[in-house]
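Below, in structure tokens: the form predicted on its own, a single chain.
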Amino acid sequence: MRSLIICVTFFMSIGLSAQTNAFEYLQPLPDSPVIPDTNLQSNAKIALGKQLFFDVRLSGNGTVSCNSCHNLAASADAEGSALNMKARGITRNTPSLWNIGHMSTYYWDARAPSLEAQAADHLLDPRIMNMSNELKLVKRITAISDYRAAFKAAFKDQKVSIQNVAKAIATFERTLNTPDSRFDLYIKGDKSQLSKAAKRGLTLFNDKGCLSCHFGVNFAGPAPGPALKMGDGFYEMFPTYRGTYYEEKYHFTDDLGRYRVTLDPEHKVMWRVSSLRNIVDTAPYFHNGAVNDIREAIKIMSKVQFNFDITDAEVEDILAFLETLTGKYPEITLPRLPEEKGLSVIDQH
């Protein structure tokens, strides 16, 4: 990781008048995330990536696909997906993939510098796809003639490889955007999109300090661009105020976060700032998925991050604002997967 950027408090006024120019930290979702030069989008690559995303043959025993834990048939990752992960020894919450292309690092501890790196890592992880080695994956996919043709169309003369599998999946994932939330329409000029309660919630969101970390197009800090390059990290300490009732109740510090990657004591309980887009749909919350109720999550953040108790009325106003961050989900149809006559779901060697 080339740099470590930690949340700081931004002193600003977010005024709600038409004359304000302070929406610099509050931006609508762009039509597309930043596309890396090393993996340009194409219709052929997106179509291939979608097939691979839904194909259980990418897993070692032929029973798990990317969609098994990142369910795109629902509006967000359901709690059942998190339970599916925990059943395989993964104690961290399953992140939503909606708008995932607007992040600069991946995993809760930011150990992957790109979507491509994250996808390749998933394929070989014994707790996730459990493909024992790259050669086995390449052999299995290459045995299917329609996949050979699809890879040739997407990558020209390049052959099937784990790198190209990861590139195709990442290309598809960058299309998973949810634009035109009420908040997006509001800051584009339609002031009727936010209720009085939501406007109060937006003001509280700034005044209480939430905006110091959750800003930008994805409400997760800077998206890849002038401030952060792909692979640069933007982190927050969680919990900031130690020893609270919530920390003990929900076991927030059982996992030391980025410290497990770097072994740097300064990185203990340091986490990549997560997106707040579609947050009302993406329970459970926090790195360990310990909290299902968003109102409880708002109270927790107030106490463990800023050391103050928030009133029920303030919770309702902040929730009214957060509800405006839900965008329009694209229709996801199941792709027809390539088949090869005479081959079982998985190879038998």
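For every residue, the number given is its place in the sequence shown, counted from 1. Computed from a predicted structure; not experimentally measured.
Below, we refer to the form predicted in complex with heme C (HEC), which is not included among the displayed structures.
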- Message: Going by heavy atom distances of 4.5 angstroms or less, which of 151, 205, 215, 186 would be at the interface with heme C (HEC) in the predicted bound form?
- Response: 205
- Task: Could you work out which of 72, 198, 137, 210 is the residue within 4.5 angstroms of heme C (HEC) in the predicted bound form, going by heavy atoms?
- Result: 210
- heme C (HEC) contact at residue 100 in the predicted bound form, heavy atom, 4.5 Å: yes
- Task: Consider residue 29 of the chain shown here, and say whether it contacts heme C (HEC) in the predicted bound form, taking contact as heavy atoms within 4.5 Å.
- Result: no
- Please check if residue 179 has a heavy atom lying within 4.5 Å of any heavy atom of heme C (HEC) in the predicted bound form. no
- residue 127 near heme C (HEC) in the predicted bound form, any heavy atom under 4.5 Å? yes
- Item | heme C (HEC) in the predicted bound form: contacting segment from 139-147, 166-174, 190-198, 225-233, heavy atom within 4.5 Å | 166-174
- Contacts with heme C (HEC) in the predicted bound form, stretch 290-316 (heavy atom within 4.5 Å): 294, 297, 298, 301, 302, 305, 306
